[in-house]
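We begin with a single chain expressed as structure tokens, specifically the form predicted on its own.
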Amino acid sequence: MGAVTDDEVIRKRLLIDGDGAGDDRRINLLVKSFIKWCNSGSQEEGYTQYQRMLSTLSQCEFSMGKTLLVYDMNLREMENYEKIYKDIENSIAAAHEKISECKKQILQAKRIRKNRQEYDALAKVIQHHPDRHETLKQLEALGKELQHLSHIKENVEDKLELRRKQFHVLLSTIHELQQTLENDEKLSEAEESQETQIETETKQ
């Protein structure tokens, strides 16, 4: 009569555990084996139940060890991802600073262009003056300055284009990292589900 009551208790606990594929099922099996071991009528039957209890305990210890290893690995992965996120944030901040600097250089180039137009207008006025030799010298100097300013403008535009490409690559890297994190999470869930199914089939 007592054994039937114990079986009912174990059955209720297995129902609470869901499909009985977790550690609660192993603990319930261990309790059931212990009860059968206490009620065993022969030494051979008692030895069999004893071996079953040892096997169940070994499985529980293995499952606990594996869980701790996975937990430690997840902690290390989280630390690594946090470091990567910080590096990306720093890179984004640096990229924004470079873009801001390039914008300032573009504004400067626009001012230089405006000055060049003013210089051209002034040169036309100077051409009407009698001192042609001095005017030619000034025009030559202005031409060199304009050429220098043109080179500066080209360099600024090249730098801006390079920064745009670098920023695009950085955004692409962030997107790929997010995709990798999502895939890793899905793969981890799939592996845990597969391990749970294998353990269930092994116990059956």
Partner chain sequence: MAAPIRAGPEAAPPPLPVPGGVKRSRQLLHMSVLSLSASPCGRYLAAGNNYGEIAVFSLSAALSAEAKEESKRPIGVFQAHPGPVYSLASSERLLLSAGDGEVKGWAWNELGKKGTRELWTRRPPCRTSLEVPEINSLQLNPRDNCVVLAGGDGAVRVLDMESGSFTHELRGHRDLVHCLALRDLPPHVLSGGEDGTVRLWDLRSGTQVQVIEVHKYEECSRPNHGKWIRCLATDSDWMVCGGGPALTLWHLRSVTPTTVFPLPPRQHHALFHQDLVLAGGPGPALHQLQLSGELRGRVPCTPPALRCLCLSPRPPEHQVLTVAGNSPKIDVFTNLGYRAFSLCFT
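Residue numbers count along the first chain shown, from 1. Note that the structure is predicted; figures quoted are calculated from it, not measured.
Keep in mind the form predicted together with its partner chain is missing from the figure; the text below concerns it.
Mapping the unseen interface onto this chain, Lys98 falls outside it, with no heavy atom inside 4.5 Å of its partner chain in the predicted complex. Contact between Ile84 and its partner chain in the predicted complex is not found at the 4.5 Å heavy atom cutoff. Mapping the unseen interface onto this chain, Ala94 falls outside it, with no heavy atom inside 4.5 Å of its partner chain in the predicted complex. With a 4.5 Å cutoff on heavy atoms, His133 does not count as touching its partner chain in the predicted complex; it lies far away.
Proximity of Leu107, Glu118 and Ala121 to its partner chain in the predicted complex is complete: all three residues have a non-hydrogen atom within 4.5 angstroms.
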